[in-house]
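Listed next as structure tokens: two forms of one protein chain, kept apart as structure 1 and structure 2.
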Structure 1
């Protein structure tokens, strides 16, 4: 089968990571996405707004993450008695009930993973943007794509909705300040990851190194 690239001429070589088709690329224009003509996978993206947008969004995400973890998340009220929880509280509850393994998975997917992903993305984009070749930039950048699927903020939000419905019949539920910050965090981090393409950053790091 012969595959023709959808955006032709030439400077860098790119091989599709899903079907191994080989392409030659001219640098993309901002906002452009190059897809494989063979299997349709995204080969390269040049996010609109450049690195400044990514930095702004990741800084916002980091602040929202702090807010989301600093205040009560949900409050449950049954006959005058209140029970408050934070996001971290979900992991702690599992740990206290003797489910340590489960607590670790929940901790990684809802607290540690997001914190690591957001702060390292911010660090890397900042490092490339400032043309300061800060230490660990390459190591962090190579972790980011592996970490991304384990950050499950959106899935956790669906879990919150289900918990709401399940408890709604027998108790009154109050939404805490953190929940609003959390919803904001999901939206902002989605926008941030759209403004961030690891392969593009690798290319930019490469130019910096050569020049």
Structure 2
């Protein structure tokens, strides 16, 4: 027997991604989760703290990204010589060593990708929160899921830890302010992603368009 969805004041039509049951919902309140009455799958959720929390986290992530790229990341001291590197400097050094493809990958996954993802997410959440149709809001929201795979901050940090182990007996390494900002960026970005729900934002945009 096919389970019939419950009726509610119709505003937005949502299909369950598990059993294809159709539901209509009004915008959810912060902290609420809508589940399918047939299979129990999550249809929509509104993370706790609402859009205000997402905006605060993405703003913090943007500031940390700027700090991570504005100050030295590591300082290597070998035989009295000091070599200071930054995140952008690491990409440039790879290019100068003839590893152009790897340099581009590092640049995209640690600088350009995070900058585009954070700024786009902040722009979209701010637009929905202010109840204004800022230009390109829908376009950016559709692109965010495509940008996410290009952000590999944790992979870069893993590479840094490996370098610590391998160079520990060869050089004295001094941690710069940028590294602390980068670690904070990884943590805050994860929290911001958890507070960002594209389905909820699409629902909010559709509801305000109709109203």
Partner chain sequence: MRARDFGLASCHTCGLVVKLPAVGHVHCPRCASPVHSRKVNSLSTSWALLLAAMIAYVPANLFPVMSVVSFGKRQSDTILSGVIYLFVHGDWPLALIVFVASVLVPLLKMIALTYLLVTVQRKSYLRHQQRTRLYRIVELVGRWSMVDIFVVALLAALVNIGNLATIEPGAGAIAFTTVVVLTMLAAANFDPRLIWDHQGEK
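Predicted model, so just to flag it, every value in this text is computed and none were measured. Positions refer to the first chain, counted from 1. Throughout, rigid core stands for the largest set of C-alpha atoms superposing within 1.5 Å between the two forms.
In this comparison, the chain shown as structure 1 is the form predicted in complex with the partner chain. Here the chain moves as two rigid blocks between structure 1 and structure 2; the smaller block's rotation against the larger, from C-alpha superpositions, is 32°. Superposed on the core, the two forms differ at residue 18, whose C-alpha moves 7.6 Å between structure 1 and structure 2.
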